[in-house]
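Form predicted on its own, single chain, as structure tokens, below.
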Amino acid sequence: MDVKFRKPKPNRIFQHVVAEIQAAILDGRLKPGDQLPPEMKLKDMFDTSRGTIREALRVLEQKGLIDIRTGVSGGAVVRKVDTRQITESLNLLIQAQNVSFDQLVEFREAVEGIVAGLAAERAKPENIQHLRELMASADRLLKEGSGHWRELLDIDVKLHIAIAEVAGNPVFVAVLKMVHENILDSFEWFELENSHVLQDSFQDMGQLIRAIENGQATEAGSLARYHVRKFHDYLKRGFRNEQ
């Protein structure tokens, strides 16, 4: 590995080690799959203690920038930077702030309306093809009748996240993954297999995908907001019935 690191100032050794390795990962000098030098070599490169290096590597692992593997071929390996850490942090923030059901609905309506509008402006043919493939999978399951509600909910999540990916902003993707994969999953106890709600939901999604395909940004935003509001109204009625 030919990456060069600067020597730290005496009073900032720990932060310096983290910052130097992080910068090398983020600017591409260190790529996913690259293995960092052994701890003893890093100790010499940074002119610091082995304990400082180990602590810095633990912080980098917590940030999702490296994996620390054990065994003969172990060591610190650079990870592909993704939205996982952002998603987890946002999820903790939502839980700590005790966000209410109605606040979540308000948030989703605003964000998913914006995302759908951007997707309509930016969608490419391959994006539409992917969305239509997901819809085709949902249609097959719906035609088979009851018993597939869990799979259908998984497809619904994939559709929402795929639309965010079409919009082209990774922050939207991270936020919607957090909402759909973590918060909404808490409603898993709803008995949906004999309900019309999933049929209605995918009818809404079909209309939304057509608006995105036709480049109708305003219409796509309105349909997304309507879909979110209607689905949350169903969840809210079900929640009250469980009390």
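Numbers follow the displayed sequence, beginning with 1. Computed from a predicted model, the values in this text were never measured in an experiment.
Below, we turn to the form predicted together with the DNA, even though it does not appear here.
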Q. Is residue 228 close enough to the DNA in the predicted complex to count, meaning some heavy atom within 4.5 Å?
A. no
Any non-hydrogen atom of residue 201 within 4.5 angstroms of the DNA in the predicted complex: no
(request) Indicate whether residue 216 is a 4.5 Å heavy atom neighbour of the DNA in the predicted complex. (result) no
Can any non-hydrogen atom of residue 75 be found within 4.5 angstroms of the DNA in the predicted complex? yes
query: Should the three residues 39, 48 and 69 be counted as contacting the DNA in the predicted complex, with contact defined as a heavy atom within 4.5 Å for each?
result: yes
Partner contact check in the predicted complex: of 173 to 181, 23 to 31, 201 to 209, 61 to 69, the stretch with a heavy atom within 4.5 Å of the DNA is 61 to 69
